[in-house]
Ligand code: ADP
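What follows is a single chain, given as structure tokens, in the form predicted on its own.
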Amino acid sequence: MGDVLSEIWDKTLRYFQKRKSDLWRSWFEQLEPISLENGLLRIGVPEQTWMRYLQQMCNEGLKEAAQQITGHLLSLEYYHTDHNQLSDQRYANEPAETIEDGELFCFSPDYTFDHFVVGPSNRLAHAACTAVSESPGQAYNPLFIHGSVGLGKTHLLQAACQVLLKHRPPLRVSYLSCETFINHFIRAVEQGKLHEFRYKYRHADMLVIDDVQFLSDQEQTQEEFFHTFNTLYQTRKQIVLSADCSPAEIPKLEQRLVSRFNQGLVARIDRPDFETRMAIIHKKAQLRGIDPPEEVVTLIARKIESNTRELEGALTKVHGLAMLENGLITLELAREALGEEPISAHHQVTISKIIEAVTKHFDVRLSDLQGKRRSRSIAFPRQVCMYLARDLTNHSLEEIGGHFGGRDHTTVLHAYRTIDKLCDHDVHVRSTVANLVSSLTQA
């Protein structure tokens, strides 16, 4: 039965991975089938956060997959395993990490510090959240993190909560959205349960509220939150807040709240630069157990400049299309998934044509580009050549480097990143590159 059960579970996972690539995670391979009896498939799960992710996000998809593989109606149950031993408690009977209206809140297993990519745009916010998770109420209280959507605010907040819940479980952590806080307050007023509401939030060891900008124009809720804030602060309990703008920019927020939000550390998260975007894509791919070619990572990082959420969405599109076809992720497939026009064979850009265009534009010789001179008059045109070759051809990094004196792939990647960054900040460089691209693609 063991071999048969393992085969059924492996086929179930493959079916799920192909049709639900956005929900697939590499740790699915660590799940173990325990038994299949009387229409009930029992699955062993090593981590509680994984178990809650499966129950709340993947249960229907896994059930459908198992039914397709076996041809029978099935139900799934998840058990927390400890050192390969079955736990005494089923998922439904386990204590909740944090509760909202009596329902289990599901922290994302993706939102941990290990899975967060640190770069120049978010280094301060990451360091502050790490410090808070190690010494709540001592360092950076209150902590206010702000930035546009999809830049990692929720990721950092949940990561800090999960560290405390794992390593200091007696601490009471209240994590919720601002909208939930407002709704809880309104319900407490309507039901005459303000005392219970106040006790719940004013006795937390750490209060974490996401999207606090929704306090805007909520006069009664602002009043209540002001007193909750003061009670927690005076008893040295940790307060962590996030918003899409700084405290002073939240419209119709009482000045006394603005002042209190500013009295701790206010950390801004900006859009990730090119290198950070590439690192984010690699990290998201690793979580899903996939290894896209460097060309695909570069394509996504170049095309998506806004935020982490859209980078992940682009990777999901590429991976999903690959799973529906032959499972291989290629540059051509990625271009198709992201809606880019394939490079026409009739107007195929070659490295020779790129070199010809660049040498003519900058008035340099091919021997200079292939030589070892590093003066800016030579290094810059060489980097532009490598950038264009990376962007307009299907050649690998090693092949491109071979056209320029046998340089290695790290040199080509450095050249690409250098020109890409210059295009972001230097109008002259951006115009030069755009003109070269236009002349090469329209030739």
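Heads up: residue numbers just count along the shown sequence, starting at 1. Worth saying up front: this structure is predicted, and the values here are computed from it rather than measured.
Absent from the display: the form predicted together with this ligand. The rest refers to it.
Engineer: Taking a heavy atom within 4.5 Å as contact, would all three of Gly137, Gln238 and Arg260 count as contacting this ligand in the predicted bound form?
Structural biologist: The answer is no: none of the three residues contacts the partner (heavy atom, 4.5 Å cut-off).
Engineer: So if I measure heavy atom distances to this ligand in the predicted bound form, which of the stretches 296-304, 127-135, 350-358, 277-285 falls within 4.5 Å?
Structural biologist: Selected range: 277-285.
Engineer: Answer yes if any heavy atom of Glu224 is within 4.5 Å of a heavy atom of this ligand in the predicted bound form; otherwise answer no.
Structural biologist: Glu224: no, not in contact with this ligand in the predicted bound form.
Engineer: Would Lys153 show up as a contact with this ligand in the predicted bound form if we use heavy atoms at 4.5 Å?
Structural biologist: Yes, Lys153 is a contact residue.
Engineer: Classify Arg168 as contacting or not contacting this ligand in the predicted bound form by the rule of any non-hydrogen atom within 4.5 angstroms, answering yes or no.
Structural biologist: Taking the distances in the predicted bound form, the answer for Arg168 is no, it never comes within 4.5 Å of this ligand.
Engineer: Considering non-hydrogen atoms and a 4.5 Å limit, does this ligand approach Met206 in the predicted bound form?
Structural biologist: Met206: no, not in contact with this ligand in the predicted bound form.
Engineer: Check each of Thr180, Gln370, Ser216, Ser148 and return the one that places a heavy atom within 4.5 angstroms of this ligand in the predicted bound form.
Structural biologist: By the 4.5 Å heavy-atom cutoff, the listed residue in contact is Ser148.
Engineer: This ligand isn't shown here, but in the predicted bound form which of Arg202, Arg268, Lys193, His115 has a heavy atom within 4.5 Å of it?
Structural biologist: The option sitting close enough to the partner is His115.
Engineer: If you apply a 4.5 angstroms heavy atom cut-off, which residues in 303-317 are near this ligand in the predicted bound form?
Structural biologist: Residues within 4.5 Å: Thr308, Arg309, Glu312.
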